[in-house]
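The chain below stands alone and is given in C-alpha cells; this is the form predicted on its own.
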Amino acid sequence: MKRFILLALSIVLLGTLAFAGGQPDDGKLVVGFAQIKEDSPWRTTETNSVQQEAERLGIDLKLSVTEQDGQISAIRDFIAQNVDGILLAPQTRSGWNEVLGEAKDAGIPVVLLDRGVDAPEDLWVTQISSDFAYEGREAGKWVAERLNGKGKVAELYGDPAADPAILRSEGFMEIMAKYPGIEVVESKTGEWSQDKGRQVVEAWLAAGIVVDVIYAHNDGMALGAIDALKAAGLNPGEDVLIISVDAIKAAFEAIDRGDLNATVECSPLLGPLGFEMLTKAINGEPVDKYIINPDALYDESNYKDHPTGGF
C-alpha cells in the first residue's frame, strides 16, 4: 500500500513538472527581455514601456540590461528557463545567428524591438522600430532648407555598428548628395552619450572647426553639443544650428529655450506593440515581418503639438 501511494505521488509530481513548461503555476506567460545597457532617457523610457505593459497584461517579465555579449548570455538563460517568448533590443546588427538559431530550435519566438539584425529572417518573428533612414532624410531636408542649400555640417553619430547610426547617416547623406553647396566636414561618434557628444564638439572647437549645423543622431549628443558651444561663448540654435533625433522631453525643453532647433521623433513606447506581436506568434497567428512606427519632425513651429511633450 505504501509503495502504491509513493508511486502515485511521484506520477503526480512528474506530471506537474512536465505540464509547467515555461509558465509558472499561475499560468502567466513568461517573457524574457534582453535590453541594451545605454544611459539615456530614451532607453529608460523603452524599458519602462515594456515593464508597464507586462504588468498590465499579467506577464512574468525576465529583464536583462547589458551589452551585446551579455545580451547573448541572457538569451541563452531565457532559453534554459524555457520562457514562452523573447523581446530583444539588439545592440548591433551582427553576431546573432547562433543564439537566435538556438531560440528557434527551442521553439521560442523572438521579437526585435527598435533595431534590426543581420540574421536570416526565419530566426526572428518581426522587427518593430522606427524608419531610421526616414529620420535621417527628414533631418537632411530640414538642414538643406535652413541653409538654403549652402553651408558646412558636422555629424555626431552613435554606435557605428548599430542599425540607427548606420541608417540615420545613410538617409541624411542621401539628401546631402543633392546639395553640392552643403559640405559635411566632420563625422564622428559621440557614442549616444551627452558627455561624449560634448567632448567631441569641444575638440572640434579647439581645432578651429567652424560649422553652420550640427546633426546629432540622438538628443543626448545634441545636448552635449549645446553644452560645448555655450562653454565656448557661442549661442547654440543661432550661431550653430542643431538638429537631432529622438524627441525626448529634454529636447523639447531645449527647443523652448532656443538652444535646439529641431528633433526628429523616434518613439520608444514599444511595449504594447511588442507584446501584441509576441503573443500572436506564441499563439501561432501570422505577424508582419516589419512594423514601422510613424515619426515626425518637431521644431519651433510645432513642438508644442507633440502628443506627449517628449519621451
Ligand code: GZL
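Numbering starts at 1 and follows the sequence shown. Small disclaimer: the values here were computed from a predicted structure and weren't measured.
What comes next is about the form predicted in complex with beta-D-galactofuranose, which is not displayed.
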Contact flag, residue 42 vs beta-D-galactofuranose in the model of the complex, heavy atom cut 4.5 Å: yes
Residue 96: touches beta-D-galactofuranose in the model of the complex, heavy atom cutoff 4.5 angstroms: no
Residue 236, heavy atom within 4.5 angstroms of beta-D-galactofuranose in the model of the complex: no
beta-D-galactofuranose contact in the model of the complex: residue 115, any heavy atom under 4.5 Å: yes
Partner-facing stretch of 42 to 50, 55 to 63, 278 to 286, 252 to 260, counted where any non-hydrogen atom is within 4.5 angstroms of beta-D-galactofuranose in the model of the complex: 42 to 50
Among the candidates 242, 34, 31, 266, the residue which, in the model of the complex, approaches beta-D-galactofuranose to within 4.5 Å (heavy atoms): 266
In the model of the complex, the one of 78, 132, 215, 172 near beta-D-galactofuranose [non-hydrogen atom within 4.5 angstroms]: 132
Within 4.5 Å of beta-D-galactofuranose in the model of the complex: residues from 163 to 201 (heavy atom criterion): 164, 168, 192
